[in-house]
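One chain comes next, on its own, written out as structure tokens in the form predicted alone.
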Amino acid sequence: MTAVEDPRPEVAGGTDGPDSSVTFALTVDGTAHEVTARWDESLLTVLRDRLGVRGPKTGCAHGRCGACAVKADLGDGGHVLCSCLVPAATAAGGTVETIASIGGPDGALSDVQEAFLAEGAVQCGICTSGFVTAATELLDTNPDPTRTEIEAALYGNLCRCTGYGRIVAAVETAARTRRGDA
């Protein structure tokens, strides 16, 4: 049996306890950062408190509401995850795309964001970035999802305003727009 090599880059700093800090590289929305954080800090805490990235929201802080959803490539090709559950140091050398990466470089809204506005799927806004992030990931991988597939893709996102019908309608509208059926 051979040992499995850890593909993640080395991080500087101590590992002696939960108060030890580590320094690592992290690219967020296309900007490279050198981050120093405690081992026990979540990716969400690093994004919001250390880097000033406000797109991902602090909702439940237990991975149950999806308000903190980001797309992260931690050496695994990238997928949407709850940044409140990921220790920041595990993202060393990785890339993170927040809601800020979804719109155009000139601040234009994406097709999914436009559909959320058109369908009235934006209420208090705490959940919106997570829903848009999950919906964008769905439509990037499945341009013609069924209603059941949309509901499954959004399953980890909660809306306290209970606007689910409009949110699902927005994803369907974005899908039709991408297919040219709108």
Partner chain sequence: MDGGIGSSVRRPDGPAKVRGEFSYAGDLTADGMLVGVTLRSPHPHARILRLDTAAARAMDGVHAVLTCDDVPGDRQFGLVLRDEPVLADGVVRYAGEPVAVVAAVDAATARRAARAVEVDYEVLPALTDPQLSLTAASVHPDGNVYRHVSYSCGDPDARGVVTVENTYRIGMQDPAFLAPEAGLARPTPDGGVAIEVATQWLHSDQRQIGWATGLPPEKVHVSLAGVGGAFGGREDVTLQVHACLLALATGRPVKIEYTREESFLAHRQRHPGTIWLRHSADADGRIVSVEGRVLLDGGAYASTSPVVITNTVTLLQGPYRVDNGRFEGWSVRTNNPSCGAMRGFGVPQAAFAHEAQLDALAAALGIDPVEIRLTNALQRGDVATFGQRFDAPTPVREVIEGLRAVPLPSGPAKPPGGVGRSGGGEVRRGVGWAVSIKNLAFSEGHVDESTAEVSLRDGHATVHTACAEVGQGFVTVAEQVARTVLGATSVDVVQPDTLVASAGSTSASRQTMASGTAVHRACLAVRDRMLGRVARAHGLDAATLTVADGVVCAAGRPLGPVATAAPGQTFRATEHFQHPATHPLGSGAGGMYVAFGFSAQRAVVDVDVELGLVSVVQIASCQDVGTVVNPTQLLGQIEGGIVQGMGLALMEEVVVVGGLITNPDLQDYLIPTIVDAPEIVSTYVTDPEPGMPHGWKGVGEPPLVTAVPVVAAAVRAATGLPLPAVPIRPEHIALGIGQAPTVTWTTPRAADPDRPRGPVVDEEPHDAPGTMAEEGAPAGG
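Whichever C-alpha set is largest while still superposing within 1.5 Å between the two forms counts as the rigid core. Numbering follows the first chain given and starts at 1. In this text the structure is predicted, and so the values were computed from the model without any measurement.
The same protein also exists as the form predicted together with its partner chain; that form is not shown, yet it is the one meant from here on.
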In the model of the complex, does Leu138 have a heavy atom within 4.5 Å of its partner chain?
no
Would Ile99 count as touching its partner chain in the model of the complex under a 4.5 Å heavy atom rule?
yes
With heavy atoms only and a cut-off of 4.5 Å, decide whether Arg64 touches its partner chain in the model of the complex.
yes
May I ask you to check whether Asn142 falls inside a 4.5 Å heavy atom distance of its partner chain in the model of the complex?
no
Could you list which residues of 54 to 79 come within 4.5 Å of its partner chain in the model of the complex, counting heavy atoms only?
Arg54, Gly55, Lys57, Thr58, Gly59, Cys60, His62, Arg64, Cys65
Return yes or no for Asp76: a CA shift of at least 2 Å between this form and the one not shown, with the rigid core superposed?
no
Closer or farther: how do the Cα atoms of Ala175 and Pro105 compare in the model of the complex versus the shown form, where the change is at least 3 Å?
closer
